[in-house]
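We begin with a single chain expressed as structure tokens, specifically the form predicted alone.
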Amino acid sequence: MESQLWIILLIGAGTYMFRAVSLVLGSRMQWSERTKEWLSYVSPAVLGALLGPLLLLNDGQWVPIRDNTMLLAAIPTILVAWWTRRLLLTVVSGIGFYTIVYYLM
């Protein structure tokens, strides 16, 4: 338990430092339009790489859609996020959709 706490704290500190340094350095640099366009693709690519395996795989095996509660809850949540573009509403609707799907299956 203690080692997990240290891992979480180190990951949190690393994430904070990475974001803080990139914001401080990024605000002082002039980026070319091509670099700005390239950087605009990084967040969606990272998000897709993180969410894809989480939603589609379990222990490296494909999960059938009829048994995949996370994917069934993610689809309406993605629609809420796309439609409203509000983070808190998306999180609350995601929890609600997951709860509904979990108890229906």
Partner chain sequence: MSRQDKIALALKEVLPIVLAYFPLSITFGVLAAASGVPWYVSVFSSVWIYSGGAQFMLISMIETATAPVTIIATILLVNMRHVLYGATMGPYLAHWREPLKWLAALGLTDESFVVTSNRAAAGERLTPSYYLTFALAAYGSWISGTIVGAGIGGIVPSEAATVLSFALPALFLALLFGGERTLPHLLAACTGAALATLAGLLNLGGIGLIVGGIIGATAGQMLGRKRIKPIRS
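Numbering follows the first chain given and starts at 1. Given the structure is predicted, the values throughout are model-derived calculations rather than measurements.
Separately, the form predicted in complex with the partner chain exists; it is not shown, and the next lines address it.
Check: Are any of the heavy atoms in Asp67 no more than 4.5 Å from a heavy atom of the partner chain in the model of the complex?
Finding: Output for Asp67 is no: heavy atoms all beyond 4.5 Å of the partner chain.
Note to self: Within 4.5 Å, heavy atoms only: does Met105 come near the partner chain in the model of the complex?
What the structure shows: Met105 lies outside the contact set for the partner chain.
Item checked: Sequence-ordered residues of 38-55 touching the partner chain in the model of the complex, heavy atom within 4.5 Å -> Trp38, Leu39, Ser40, Tyr41, Val42, Ser43, Pro44, Ala45, Val46, Leu47, Gly48, Ala49, Leu50, Leu51, Gly52, Pro53, Leu54, Leu55 sit within 4.5 Å of the partner.
Checklist line | Comparison of CA distance in the model of the complex with shown form for Leu39, Ile11, at least 3 Å | finding: It is closer: in the model of the complex, the C-alpha atoms of Leu39 and Ile11 lie at least 3 Å nearer than they do here.
Note to self: Just to spell it out: taking the C-alpha atom of Trp38 and the C-alpha atom of Phe18, is that distance smaller or larger in the model of the complex than in the structure shown here, given it changes by 3 Å or more?
What the structure shows: Closer: Trp38 and Phe18 approach by 3 Å or more in the model of the complex.
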